[in-house]
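Just the one chain here, the form predicted alone, laid out as structure tokens.
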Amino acid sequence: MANTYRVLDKVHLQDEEEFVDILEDKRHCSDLRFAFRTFSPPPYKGAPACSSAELNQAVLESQYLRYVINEVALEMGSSVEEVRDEACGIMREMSQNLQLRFIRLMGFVVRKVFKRIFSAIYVNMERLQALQQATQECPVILMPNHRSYIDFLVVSYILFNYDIPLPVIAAGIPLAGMTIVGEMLRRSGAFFIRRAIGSDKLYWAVLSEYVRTIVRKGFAPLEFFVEGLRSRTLKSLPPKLGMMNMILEPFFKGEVYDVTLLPISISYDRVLEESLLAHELLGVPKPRESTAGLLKASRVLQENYGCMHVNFGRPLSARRLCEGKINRCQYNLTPRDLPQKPNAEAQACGSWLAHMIVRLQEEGALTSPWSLMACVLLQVPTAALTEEGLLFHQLTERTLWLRKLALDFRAHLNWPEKVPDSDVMSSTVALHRSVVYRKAGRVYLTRNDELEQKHSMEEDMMRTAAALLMLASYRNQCLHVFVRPALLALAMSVTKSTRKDELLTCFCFLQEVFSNEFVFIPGQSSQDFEEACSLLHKCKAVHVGQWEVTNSDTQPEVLSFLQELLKPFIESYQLMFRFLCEERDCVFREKDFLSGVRTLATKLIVSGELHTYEALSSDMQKNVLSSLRRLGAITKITTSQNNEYKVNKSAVRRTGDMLAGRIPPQIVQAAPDARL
């Protein structure tokens, strides 16, 4: 079914940036002609061009890698030649082999797929021109968010389309094992990284020197996902810092004058893997990446996934951003070729930059009508969605109210202009028929039968859970718009106070508890609090004075909505705190915790005692462990595959009491090494 409200030529953000559909003029011309078009990107001026083979050779012959090879040989009691052969093997497994003819082949295939499954792919053209200029001047790091496997393909497709140098892309090693496809990806610029490197000193050395050499030589723009993994919940993940430290090191050491960081926000009306992701969260094993699996998934080509928006951010200078945050002179005290771990100052700078990039990705994302509708639908009792349904006009009225609130909170909306709101709503429900359907003026939850359980009641519950987790994922796409005002609204509810200092303390506590659920820039809690006050004051939900924040009688539904928005997180965390406190043993394994919590949550949902299905999500369960570890309530006592933890039940209970408002919340000093 075509997306009936697609704007044919272009859309605009509130700040008048122009987005153009790059598929529109391609639908009427030959895919083969597109693939074999002249491709002549402007060259990088900082260094002469080199081939992939020359790049690999430069890595293997670097003084740094020679030093590490000698160290490893001495530690392992092996010969230098044996360790060097191992390093060469790592390089063969890892390295890309970018070739234009394979880019042309991928361009031909990808274009056919995109035209079939997407109504439009919108790109902001002004920023593309800025990117083209930046690639000529200094090394460029492309940093997209990661919500779908499509993310690997779309940026390269766009750059090929507009004569911008093609990137080399950091990818997970499982993709390399896909027959034929893995080699196509490698020759299209992908380099492959193992997921579990651990303390493998040689592998770290080869990887870090490979990345640093790409940056030093300006070989090609380097693309990596700062979140590390594809988000199964469709909300931003706390950034991983390893790759960030690698790409910054050549700048810190003065080997390059500057590095350009480019956040990219990719927004989907509908995500290809929506059902797969929901079932993974419910404990269904993730299918192994394989060519056979890819062919079986070809049924997605029969579906319509609406529009995609690719919002290229403003090119950011690492030199300017790091000014005053790090003293680069310290790197003059140690030879550049010697291994050197980033010190606390460099790590803090890298962490700040990585978190800032994620926030910029969020700010550049476009909020769809469906994401707002999902927020509304999840605040409706589950029984109403599965049995009597929600009146469509009520859903429309509430979504339009939420649209106004989102605009007050400075959201970028993907809401079609000059199209009746009723048509937008109808088209949106039709596009997402895998989650909800409309019948006789009411909207119902769609429940498929992919999961088989022994007991019919549990089977019915799991079908409902899969649909609700899909709905929650689409709600998550816009949570960044509301989360700061929502935390303030929650703080007002928890503390029952109007004093600014008490609300700020509770706000900071809530940020610390939920910092694995939402991304906050380190050290900016006070700014986040002031932003929340400003936004709630702007929409007339509160009065903000010098010392107090008080409720307003003008818009009472705003605070109520925001508190309900966070309710699934509160209820899920409290359930897991309860589980830990009721367990007899103080030591537990992670896999036992996950299965035990899922069993308890299933029992309580079936009995009607628990109303949120998000407690079944394995991602949320792991986030609770991360949060409690950071707060010092549990301690990791082993680093083996079967992670074990020791729980301080009184600390867990105290955290739960603060979250419930039974005792005053306190700002907790997080353990420095407590992130999982």
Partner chain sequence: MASNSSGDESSRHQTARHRLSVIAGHLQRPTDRNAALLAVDCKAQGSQPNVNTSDRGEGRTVPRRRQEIMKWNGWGYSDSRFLFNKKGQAEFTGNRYRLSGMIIPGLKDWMEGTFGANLQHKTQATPVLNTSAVQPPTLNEAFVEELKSTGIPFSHEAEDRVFRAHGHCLHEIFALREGKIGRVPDMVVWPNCHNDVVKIVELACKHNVCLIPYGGGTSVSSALECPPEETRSIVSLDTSQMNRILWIDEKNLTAHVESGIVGQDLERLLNESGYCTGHEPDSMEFSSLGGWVATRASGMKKNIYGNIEDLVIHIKMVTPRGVIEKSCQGPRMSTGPDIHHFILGSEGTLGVVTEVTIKIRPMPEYQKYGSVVFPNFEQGVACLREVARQRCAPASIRLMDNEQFKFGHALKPQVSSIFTSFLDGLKKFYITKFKGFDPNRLCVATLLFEGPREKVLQHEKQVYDIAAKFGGLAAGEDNGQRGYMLTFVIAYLRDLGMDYYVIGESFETSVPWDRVLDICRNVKARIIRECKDKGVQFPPLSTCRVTQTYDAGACVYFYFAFNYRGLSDPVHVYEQVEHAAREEILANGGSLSHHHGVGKLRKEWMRETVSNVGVGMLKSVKDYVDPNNIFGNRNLL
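Residue numbers count along the first chain shown, from 1. Remember, it's a predicted structure, so these values are computed and weren't measured experimentally.
The same protein also has a form predicted together with its partner chain, omitted here; what follows describes it.
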Legend entry - Heavy atom within 4.5 Å of its partner chain in the model of the complex - residue from 415, 219, 331, 529: 331
Legend entry - Among the candidates 323, 585, 75, 553, the residue which, in the model of the complex, approaches its partner chain to within 4.5 Å (heavy atoms): 323
Inset, instruction - Answer for residue 93 alone: is it within 4.5 Å of its partner chain in the model of the complex, judged on heavy atom distances? - result: no
Inset, instruction - Consider residue 166 of the chain shown here, and say whether it contacts its partner chain in the model of the complex, taking contact as heavy atoms within 4.5 Å. - result: no
Legend entry - 4.5 Å heavy atom contact, residue 254 to its partner chain in the model of the complex: yes
Inset, instruction - Please run the contact check for residue 336 against its partner chain in the model of the complex: heavy atoms, 4.5 angstroms, yes or no? - result: yes
Inset, instruction - Could you tell me which stretch in 469-477, 256-264, 308-316, 422-430 has residues with non-hydrogen atoms within 4.5 Å of its partner chain in the model of the complex? - result: 256-264
